[in-house]
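One chain comes next, on its own, written as structure tokens: the form predicted on its own.
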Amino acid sequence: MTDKTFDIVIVGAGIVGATLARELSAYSLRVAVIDKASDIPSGASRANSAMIHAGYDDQPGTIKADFCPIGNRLYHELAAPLDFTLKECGSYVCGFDDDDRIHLEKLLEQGRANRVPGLEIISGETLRRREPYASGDITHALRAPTGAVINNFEAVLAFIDNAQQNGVELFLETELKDLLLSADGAEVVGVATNRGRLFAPVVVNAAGVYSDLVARMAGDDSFFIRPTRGEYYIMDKRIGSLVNSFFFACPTPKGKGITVAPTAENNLLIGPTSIVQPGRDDTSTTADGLAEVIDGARRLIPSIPLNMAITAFSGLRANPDTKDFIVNVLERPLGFVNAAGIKSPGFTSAPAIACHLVELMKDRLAKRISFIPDPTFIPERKHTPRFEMLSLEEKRRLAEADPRYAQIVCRCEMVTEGQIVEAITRGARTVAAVKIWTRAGAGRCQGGFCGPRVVDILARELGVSCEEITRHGGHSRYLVGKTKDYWFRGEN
């Protein structure tokens, strides 16, 4: 990549970077988004509970409390025009004793102060009439009807995809190496990456668990990130109906605790743990962590069968020592913007953070960039077809127009060759990216049957050999050569 010039460079293509890119694309600005990953979403935006929180859990007056309910509303407004999956399910915070009841009353008071609609405390008996599999030990629950679950992969793609429709440039496999400053260090002039330099008078730090390290490049040592690992199980769709809503236990000082929830695709998700660690890349799962997940989940829903687990994963939260989001524009170097420490309810708050940052930049950085509305801005986009969800007539029309839509590749999720080809056309370059776009490989067999076919289609469409196809970029190749070649080498 040769050196390029922009008005704004966003470091990080997670949900915060993606929503901000889309918000900025409504103006006549040259915007770039960089991310070191080979496919997006990565980091916390990829591995999380996919919950759109109602907004009762945060102390009134904090940035979290201000942005969470607004973000919730914006997701509901944007789901249709940006075509991502949002499932209205509501949530329950469950109490097991009198102390928990006191805490539920506090959450109710906080939620009302945060302008969260429809909150109520119900009895355990009322809960079990609505949710028959809920534990008989639950005595009370706080109901939040505006809670929802989202396809977090689709949401990040939707915001980035729409931003790109409106001229934003995305640079994957592009790692920030340094911040470029003026000779006196007073102003931002761009970033240096592993692929070259991007010059810009404004740089936004949306780097997740690395956001404190990026801030240090600007001389900002006002916060520190404690990477916090959370482990999860995803269960088969056959038990997705055990719950209809998102279940929490009363929160502890470590966080919101183990949750049980339906996913937007009707699986069951349980987790996460909360383990502070020094490493910013360790997303391993552990026997102890997954045992904690099962024990915590069964406290809420005792009948969860472990043999229905189809995969386990973990994600890292950007847990700041400030205990609140860091959203600001530095006075020095001028042009450096923080959107850092965005942990839960960060995914929910992201659209509101994006709107706030644009207004903040208009106010503080007007001499560096001009926010002129773009009259050609396109506010909506369409996702690739979700074949499994279409009617028979819609499936027939797709297959008649393109016979590849009649070829099922992933039987678990009913993903067709046509969907995979369209995902590749729209930027998927790895098996993981195809999974993100289409859910091929996300089902019961986790790619055991469709994986080789996806590799073959990627190689064909990209015009490369199968040996060059990776799971998620870098050295994560599936194949290193033909079996017979290695067999005969062994004989020699």
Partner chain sequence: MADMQVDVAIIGAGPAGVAAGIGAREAGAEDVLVLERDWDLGGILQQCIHPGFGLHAFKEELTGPEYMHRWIERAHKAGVAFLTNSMVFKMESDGSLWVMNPEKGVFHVTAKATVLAMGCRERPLGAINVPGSRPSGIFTAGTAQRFVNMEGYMPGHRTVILGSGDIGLIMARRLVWEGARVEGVFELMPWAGGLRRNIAQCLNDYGIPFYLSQTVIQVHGRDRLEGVTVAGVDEKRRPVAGTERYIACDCLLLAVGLIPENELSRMAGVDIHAATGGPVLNEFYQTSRPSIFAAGNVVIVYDLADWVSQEGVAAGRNAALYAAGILEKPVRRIEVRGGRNVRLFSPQNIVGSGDVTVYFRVLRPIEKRCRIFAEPGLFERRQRYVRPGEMNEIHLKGAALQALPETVTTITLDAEEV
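Positions refer to the first chain, counted from 1. Fair warning: this is a prediction, and the values are worked out from it, not measured in the lab.
The same protein has a further form, the form predicted in complex with the partner chain, not shown here; the description that follows concerns it.
Novice: So, a 4.5 angstroms cut-off on heavy atom distances: do all three of 285, 392 and 400 pass it with respect to the partner chain in the predicted complex?
Specialist: The answer is yes; 285, 392 and 400 each reach the partner chain.
Novice: In the predicted complex, which of 68-76, 384-392, 359-367, 343-351 comes within 4.5 Å of the partner chain (heavy atoms)?
Specialist: Flagged stretch: 384-392.
Novice: I'd like to check something about residue 126: if you look in the predicted complex, is any of its heavy atoms closer than or equal to 4.5 Å to a heavy atom of the partner chain?
Specialist: No, no contact at 4.5 Å.
Novice: Do residue 312 and the partner chain come within 4.5 Å of each other in the predicted complex, heavy atoms counted?
Specialist: Residue 312: contacts the partner chain in the predicted complex.
Novice: Using a 4.5 angstroms cut-off on non-hydrogen atoms, would residue 205 count as touching the partner chain in the predicted complex?
Specialist: No, residue 205 sits far enough from the partner chain in the predicted complex that none of its heavy atoms falls within 4.5 Å.
Novice: Does the partner chain get within 4.5 angstroms of any non-hydrogen atom of residue 426 in the predicted complex?
Specialist: Outside the cut-off, so no.
Novice: Going by heavy atom distances of 4.5 angstroms or less, which of 281, 105, 187, 178 would be at the interface with the partner chain in the predicted complex?
Specialist: Selected option: 281.
Novice: With the partner chain left out of view, choose which of 96, 171, 133, 405 has a non-hydrogen atom within 4.5 angstroms of it in the predicted complex.
Specialist: Of the candidates 96, 171, 133, 405, 405 is the one lying within 4.5 Å of the partner chain in the predicted complex.
Novice: For the stretch 226-242, return the residues whose heavy atoms include at least one within 4.5 Å of the partner chain in the predicted complex, in the order they occur.
Specialist: Those in contact are 233, 238.
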